[in-house]
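Have a look below at one chain only, the form predicted alone, in structure tokens format.
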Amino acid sequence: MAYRVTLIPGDGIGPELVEAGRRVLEATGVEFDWDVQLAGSEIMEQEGTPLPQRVIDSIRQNKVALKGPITTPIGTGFRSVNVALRHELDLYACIRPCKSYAGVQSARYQNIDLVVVRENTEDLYAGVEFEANSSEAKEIIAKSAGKINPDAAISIKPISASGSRRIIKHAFDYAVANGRKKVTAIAKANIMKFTDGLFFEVGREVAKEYPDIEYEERLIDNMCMQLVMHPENYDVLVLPNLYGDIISDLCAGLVGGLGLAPGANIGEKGALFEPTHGSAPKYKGLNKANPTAFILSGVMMLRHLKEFEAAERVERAIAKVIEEGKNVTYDLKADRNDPTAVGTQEMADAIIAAME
């Protein structure tokens, strides 16, 4: 039986990465029925929207999607196609593993194996903003007892008990399912006592339901320092939306950059897998981009589909190719101008050969 999966090539370097990743996934022997859907800046030129309704409908129907990076066109009314997908499909949990692979020349540390669990729908990224001098901004300023300058633009930071509970519970469930030992909740509750304070309060309640998993809390500023100094002390990190966005990039930097950082956006009714990096339009069509993050996102999808043996085979092959350092893209070479660097498709070929 073939898995019906929505496949979104994206734009910029997206189609090249998707082609490389598709070939690697098919080489596992797992059968896929790809439902190809177009989204992004290029489809915007044809249809007037970067996110046609049929893309959302396809993911709703298939429950699983694999997506290349997408450029959000300027002036479309979309803050981000990615954010729109998460909100439309209520993909509330963003999962971003950050793992060391031997042979990555740009890695700052070795033996890192962190997972960032980021809330996807609330916080400042909910997009509840009011322009300076708007009637809404003036109304809020009038109620601030002089704490807000009269010419300020306003962003609202919603943090709910229900939203906090489901993301923190997701982090604990992930820890249990993957043999993890500790969950660290991260916020700035000493200053934002009601919003971030609520996040920690809910965290303590949820932690009582998982007595075998260690639970701790860290302030976001201190956590940034701790991750740089002692990343080996941490396991699963759970954060509100904005902090999670920042920390996930920091953790990717520990292991060599966004080219090695896969991601998943998961909700009750669907899952969307995608690399965490952007579409890098200046590299479009050059067969130069590192496909690792996209292929590792496919590995996450395989595990979601419970194709664990296939997932392990692909990840082992990726690790082997990177450690050998021969058939890798320029960014994985010690010298980025190394003429022996291979292209996107050639690295995919090497990964497929390593699986065999």
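Keep in mind it's a predicted model, so treat the numbers as computed, not measured. Throughout, rigid core stands for the largest set of C-alpha atoms superposing within 1.5 Å between the two forms. Numbers for residues come from their place in the sequence shown, where the first is 1.
What follows is about the form predicted in complex with nicotinamide-adenine-dinucleotide (NAD), which we do not show.
Mapping the unseen interface onto this chain, residue 82 counts among the residues with a heavy atom inside 4.5 Å of nicotinamide-adenine-dinucleotide (NAD) in the predicted bound form.
Under a 4.5 angstroms non-hydrogen atom cutoff, nicotinamide-adenine-dinucleotide (NAD) in the predicted bound form lacks residue 158 among its neighbouring residues. Under a 4.5 angstroms non-hydrogen atom cutoff, nicotinamide-adenine-dinucleotide (NAD) in the predicted bound form lacks residue 247 among its neighbouring residues.
Using a 4.5 Å cutoff between non-hydrogen atoms, residue 169 does not count as a contact of nicotinamide-adenine-dinucleotide (NAD) in the predicted bound form.
Taking a 4.5 Å heavy atom cutoff to nicotinamide-adenine-dinucleotide (NAD) in the predicted bound form, the contact residue among 99, 180, 277, 188 is 277.
The contact with nicotinamide-adenine-dinucleotide (NAD) in the predicted bound form, taken as any heavy atom within 4.5 Å, belongs to 331 out of 42, 331, 315, 307. Stretch 287-295 is the answer when you ask which of 315-323, 50-58, 287-295, 33-41 has residues with heavy atoms within 4.5 Å of nicotinamide-adenine-dinucleotide (NAD) in the predicted bound form. Once the rigid core is used as the reference frame, the Cα position of residue 22 differs between the shown form and the other one by less than 2 Å.
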